[in-house]
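A single chain, nothing else alongside it, follows as structure tokens in the form predicted alone.
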Amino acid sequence: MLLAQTKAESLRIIRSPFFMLFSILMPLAFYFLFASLNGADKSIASTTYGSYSLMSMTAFSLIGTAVSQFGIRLAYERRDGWVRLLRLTPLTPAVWIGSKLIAHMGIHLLTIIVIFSAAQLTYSFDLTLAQWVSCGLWLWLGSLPFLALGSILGTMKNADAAIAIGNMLHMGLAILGGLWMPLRTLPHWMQSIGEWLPSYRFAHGAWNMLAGSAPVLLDWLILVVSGILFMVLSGYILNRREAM
């Protein structure tokens, strides 16, 4: 059941025009726009702007997929009665949620490979295989807390409101997290907020790897703690709703 449901969920995501547009095409368009405007060979944070922005836009893509394809989709499945229908089948909630997580992690890995490959074919970065692999793995595993954030959106009763909130979260995390422009270029008060956001720490770990160092302890701490908090909050909301 887990394998079959994972396959079905993966196919649903890939066939979604919203996934192709917002998770692949839009981040790539922004990436090539920013790289051409700022200069892909420009030095920034002990690396080039092309590779620096690549990690930013890949993080932007993964956060968007976690929020929209996972979180908002969950809200619509609850609204449309899909969750109630599943309770009449042998499919357990653990298998259903597990298949979604596995499918989305697989899609996230595919997204990383596609965006990395497109950037490398265009700019031919002078990065080692270890840097490509370590940055890819960091972004892949670091996307888990944002799936947990998406699960909170999935608990919302108003699915249409989930879209608005999800889009605001996505853009807010991207801008304040320094994914669209380096955090140091933002006003000081925005920098003070941004450096504590999981989106900034998500990209910061990859930026550090490009510069030849490892993610700092605060990167790990904020991502792990935020992921746990999002999961606990999501579970609490669901339990309260079922108890009412």
Partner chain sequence: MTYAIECTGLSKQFGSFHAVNDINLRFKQGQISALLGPNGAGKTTTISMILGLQKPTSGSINVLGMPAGTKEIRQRIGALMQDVKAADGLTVKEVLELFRSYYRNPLSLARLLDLSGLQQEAKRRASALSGGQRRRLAFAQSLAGNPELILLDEPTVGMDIEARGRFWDTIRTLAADGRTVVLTTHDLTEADGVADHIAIIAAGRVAAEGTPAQLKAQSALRSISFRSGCDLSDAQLMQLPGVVKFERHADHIHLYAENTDILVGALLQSGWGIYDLEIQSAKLEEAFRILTNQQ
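Positions refer to the first chain, counted from 1. Keep in mind that this is a model prediction, so the values were computed, not measured.
The next section is about a form of this same protein that is not shown, the form predicted together with the partner chain.
*Asks:* Give a yes or no for residue 88: in the predicted bound form, does one of its heavy atoms lie within 4.5 Å of a heavy atom belonging to the partner chain?
*Replies:* Residue-level check for residue 88: yes, a contact with the partner chain.
*Asks:* Find out whether any non-hydrogen atom of residue 124 is located within 4.5 angstroms of the partner chain in the predicted bound form, and reply yes or no.
*Replies:* Taking the distances in the predicted bound form, the answer for residue 124 is no, it never comes within 4.5 Å of the partner chain.
*Asks:* Is residue 79 a contact residue for the partner chain in the predicted bound form, using a 4.5 Å heavy atom cut-off?
*Replies:* Yes - in the predicted bound form, heavy atoms of residue 79 and the partner chain come within 4.5 Å of each other.
*Asks:* Taking 4.5 angstroms as the cut-off for heavy atoms, does residue 237 touch the partner chain in the predicted bound form?
*Replies:* Contact with the partner chain, no.
*Asks:* From the list 25, 221, 11, 229, which entry has a heavy atom within 4.5 Å of the partner chain in the predicted bound form?
*Replies:* Here the answer is residue option 11.
*Asks:* Please identify the residue among 117, 167, 158, 92 with any heavy atom within 4.5 Å of the partner chain in the predicted bound form.
*Replies:* Contact with the partner chain in the predicted bound form is made by 92 alone.
*Asks:* Using a 4.5 Å heavy atom cut-off, which of 102 to 110, 146 to 154, 79 to 87, 131 to 139 contacts the partner chain in the predicted bound form?
*Replies:* Among the candidates, contact is made by 79 to 87.
*Asks:* May I ask you to list the residues of 1 to 21 that have any heavy atom within 4.5 angstroms of the partner chain in the predicted bound form, in sequence order?
*Replies:* In sequence order, 1, 4, 5, 8, 11, 12, 15 come within 4.5 Å of the partner.
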